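Shown next are two forms of a single protein chain, provided one at a time as structure tokens under the names structure 1 and structure 2.
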Structure 1
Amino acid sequence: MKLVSTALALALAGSFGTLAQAQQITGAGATFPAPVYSAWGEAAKSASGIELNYQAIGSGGGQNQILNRTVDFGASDAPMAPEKLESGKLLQFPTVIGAVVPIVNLPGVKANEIKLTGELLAAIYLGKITKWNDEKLVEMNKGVTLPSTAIAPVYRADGSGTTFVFTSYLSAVEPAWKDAVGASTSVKWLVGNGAKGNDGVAALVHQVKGGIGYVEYAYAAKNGFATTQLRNKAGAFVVPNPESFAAGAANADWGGAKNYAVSLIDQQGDKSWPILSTTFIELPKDPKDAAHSLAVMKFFDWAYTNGAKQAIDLQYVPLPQTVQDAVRASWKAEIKGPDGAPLYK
């Protein structure tokens, strides 16, 4: 058996709960969960002695960085392909559930006053509907005065889990979108202008009259952007809020999802918001630095146990307790130290 270094032995001594001193962990990836990770980082720093350095560079960047082992963990809204997880010796687990929402910039039109469907959104991003007073939009929004302003679609220019979620929804509800564009973290957009990150999309929509974009809900709520209603699978129009997010998440088939890659797109239920996603962490099963890997697990263990209120305040849905327990069990079973023993105990 390989000898463990003195420093590592001190860091691992006693069990999972006894890191010897304050320690910084580094992560990179999805912008979608960045607000809640920031809030957890601030709270956990004093409570657990772990300092989080998280860079919201997009899901694609996060996956690349953890595959290259340049960070302690990667973060992605799009689940990593099973073959990449296997070849990269990575464990994937979820942290919270969040929503993607359309935002619009139409002076005189109030938040959630406009009704949209997945089919209409797809038509806008396919360039088939170009004016806000298009007859299909007018028919859907009787009683709302829609201007003749040109529609200015905005999309994510970087590899993005938010884009994966949004395009997965459009692909699920509109065959024409699936055939022409499809679903991915990065797609070939047919119309519109790109911006980097949720904040970049929100800023560009805010600057352009007639703008429409898609962002993680926390960004829309925090900055007061006008969101829209969406028609769900049951045919009901719903507004984006914690209740509609929780309703949509309630039907998830966690037990049947390999690597926790459950789909929350267009779930059943009259009150369900149709564009939801679980966001993920990728953690090496054979970490270069066992103490850092242990600290990552300790951080997310703290977040599961103590971070629900912060998640809810930021408009995310906490994971069910059964899923949290399953993740802890997978840490114990699959993340090993240099001596082959579990780090999480």
Structure 2
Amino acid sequence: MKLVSTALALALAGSFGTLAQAQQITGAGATFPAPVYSAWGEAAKSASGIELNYQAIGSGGGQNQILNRTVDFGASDAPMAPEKLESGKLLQFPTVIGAVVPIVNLPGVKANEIKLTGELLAAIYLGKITKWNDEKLVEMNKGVTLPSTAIAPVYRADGSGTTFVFTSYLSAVEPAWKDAVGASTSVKWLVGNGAKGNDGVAALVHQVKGGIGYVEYAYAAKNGFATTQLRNKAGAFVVPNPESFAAGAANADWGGAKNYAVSLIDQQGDKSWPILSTTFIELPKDPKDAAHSLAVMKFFDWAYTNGAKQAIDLQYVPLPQTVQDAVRASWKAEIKGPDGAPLYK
């Protein structure tokens, strides 16, 4: 017995020993990229010896924590305000791209059978269209039998980057939405019911006949929910899939945006999915602990080069190569150690 416990203690001590050798980095923030960050964390641990401890506490919380320097990096879905980045001495860079898709619950209607436009989505969430057989919906969807069921709009009750992206899209395509509601991580919804989290929205839509909601594409794909087609800026109807997401991402004006705060909403191109967003990391330009900051950059460097597979598996879109190179250049130029020399080489 004693021998066994001694052996156990030795084994434990051994494993702690190897753990201590791994470089630990901590980050906090957005929930939307949390699945891909944890997949990258798993893979990078063995590949690069960097161990990621990521707390998905929400974008607002992530911004607060990095401004207080309680973590090595912050993560947020909505880009941080430029003046806050300036005063907080932070560098902001994107990591992956994700899509938000509408989901519906209409018995007998298959995935991607319904065609919607941004204007119609806005009208539904403004309470102007209340029945599925509204003439505007019927006209758009000739050949699909739409029931007279009442439309039950579902939204995110918790503050979230998903809501920010969705309401930004509605604000971009429908001036009436911009005037009445606007875009934010949580807004003043005029109709419908709220649920907590992507899972909550998906579950509520699933339960209520005639329900419509919006979720990250990964949740819709994973659970086999009926997504819809959307009309993009070029006037073409597109199906939500990795190709249409990549098309939209490629058409964005990455070079023209300060702090990489590019809007991927409603991009040009007849193959582009209109509701896309990227998610950001905020890293101190004057790191308290240079070794940790360097490890953060090494981690995302590894993720850019080797993490595409994990991202695609989880239904995210990797960043275009040009953007990755630009981010690496920013690291070199902007993040300096205590001696003033760039950390990342």
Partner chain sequence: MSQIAVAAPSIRPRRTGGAFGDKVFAAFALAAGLLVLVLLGAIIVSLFIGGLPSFRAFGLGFLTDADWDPVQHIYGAAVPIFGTLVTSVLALAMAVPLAFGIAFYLTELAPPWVRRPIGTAIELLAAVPSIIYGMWGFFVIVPAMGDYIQPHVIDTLDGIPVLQDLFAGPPFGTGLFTASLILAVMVIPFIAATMRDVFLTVPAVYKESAYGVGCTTWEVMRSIVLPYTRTSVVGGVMLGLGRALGETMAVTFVIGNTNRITANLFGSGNTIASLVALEFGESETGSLKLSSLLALGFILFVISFIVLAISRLLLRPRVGGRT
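Start at 1 and count along the sequence of structure 1; that gives the residue numbers used here. By rigid core we mean the largest C-alpha set that fits within 1.5 Å across both forms. The structure presented is a predicted model; accordingly, all values stated were derived computationally and were not measured.
- Note that the form predicted in complex with the partner chain is the one shown as structure 2, not structure 1.
- Once the rigid core is overlaid between structures 1 and 2, Phe73 counts among the residues whose Cα shifts by 2 Å or more.
- Fitting the two forms on the rigid core leaves the C-alpha of Ser148 displaced by under 2 angstroms between structures 1 and 2.
- After superposing the rigid core, the C-alpha of Ala308 moves by less than 2 Å between structures 1 and 2.
- Once the two forms are overlaid on the core, Gly29 shows a Cα shift of 3.2 Å between structures 1 and 2.
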